[in-house]
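Encoded as structure tokens, the following chain is the form predicted on its own, with no partner shown.
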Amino acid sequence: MKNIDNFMRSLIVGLGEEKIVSFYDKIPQQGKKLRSKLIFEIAKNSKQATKLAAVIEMIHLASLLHDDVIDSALIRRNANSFNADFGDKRAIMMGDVLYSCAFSHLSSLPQSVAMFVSNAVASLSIGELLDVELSKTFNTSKENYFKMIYCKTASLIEASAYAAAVLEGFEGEDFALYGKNLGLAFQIIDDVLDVTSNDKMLGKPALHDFKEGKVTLPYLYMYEECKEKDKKHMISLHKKSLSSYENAWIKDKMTEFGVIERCLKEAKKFGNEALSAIEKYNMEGLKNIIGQMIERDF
């Protein structure tokens, strides 16, 4: 993955603006690089695969910069977020620089790859907008939740798998289905970890989704099981800074209703659907990625 970091930086250096390079070096970047790992499992270490991985990671990084501004997030990957240190305006502009640089190099890849990835970026932006809109009120629709996480998270993972498969000469649609289901499972686990993990493991504040107005799958399942009185209490806590007692009440209810186990079962279902899509290719590495993403604790 170090080669990807170096390649991404070289693309930024190639823009010929020292201040942009200086800001780029200050963006927290120690992520999991799931999309790059996925690309190299499918397309191996070709020059085009390296460029594709760099483009995808730059797009993902740009989306995180914008996401942190939208969420007023102050921590990213166990460090101050870029917007916390340098302000929202610079964060937005750096995101725009990364998007533009990524699209410039995406245009040199095969047309079908460029089109699929471009459409995914549009979906990603739609997902961000859906997330903002859903956070305005207490969302009780699983359909809306899954539409949002597909757009915001799964679409770019889907595009990564499709693009890598096309570069390697495989059937792109098989791998797109793998990537889509992997992305859905990945986001469900992220939402579970927001409830079950701690700040240090997550690299950002835990139990923060509900305060931001996000009614993720654990909260949706909890709401389904609550009696009317508890449903009203749950809604009253939405978008609030919760006390330790209120946090404990939510966790106790989730334990009572087996919410986390139910979410993990849902994530594993998507993981199995992902594996079914590429079963004929017998790629052990892609099986391992599914296991690592579902069993992770961060």
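Quick note: we count residues from 1 along the sequence shown, nothing fancier. Keep in mind the model is a prediction, meaning the values are calculated, not measured.
Omitted from view is the form predicted in complex with ligand FPP, to which the following refers.
Considering ligand FPP in the model of the complex, the lone stretch of 257-265, 230-238, 244-252, 55-63 in range is 55-63 [heavy atom distance within 4.5 Å]. Taking a 4.5 Å heavy atom cutoff to ligand FPP in the model of the complex, the contact residue among His105, Lys214, Lys147, Arg90 is Lys214. Note on the partner interface in the model of the complex: the residue among Tyr223, Tyr99, Phe170, Phe138 having a heavy atom within 4.5 angstroms of ligand FPP is Tyr99.
Under a 4.5 angstroms non-hydrogen atom cutoff, ligand FPP in the model of the complex lacks Ser197 among its neighbouring residues.
In the model of the complex, no heavy atom of Lys180 sits within 4.5 Å of ligand FPP. Mapping the unseen interface onto this chain, Asn83 falls outside it, with no heavy atom inside 4.5 Å of ligand FPP in the model of the complex. Although the partner is absent from this view, Asp71 contacts ligand FPP in the model of the complex, with a non-hydrogen atom inside 4.5 angstroms. Residues of 112-135 placing a heavy atom within 4.5 Å of ligand FPP in the model of the complex, in sequence order: Val121, Leu124, Ser125, Glu128, Asp131.
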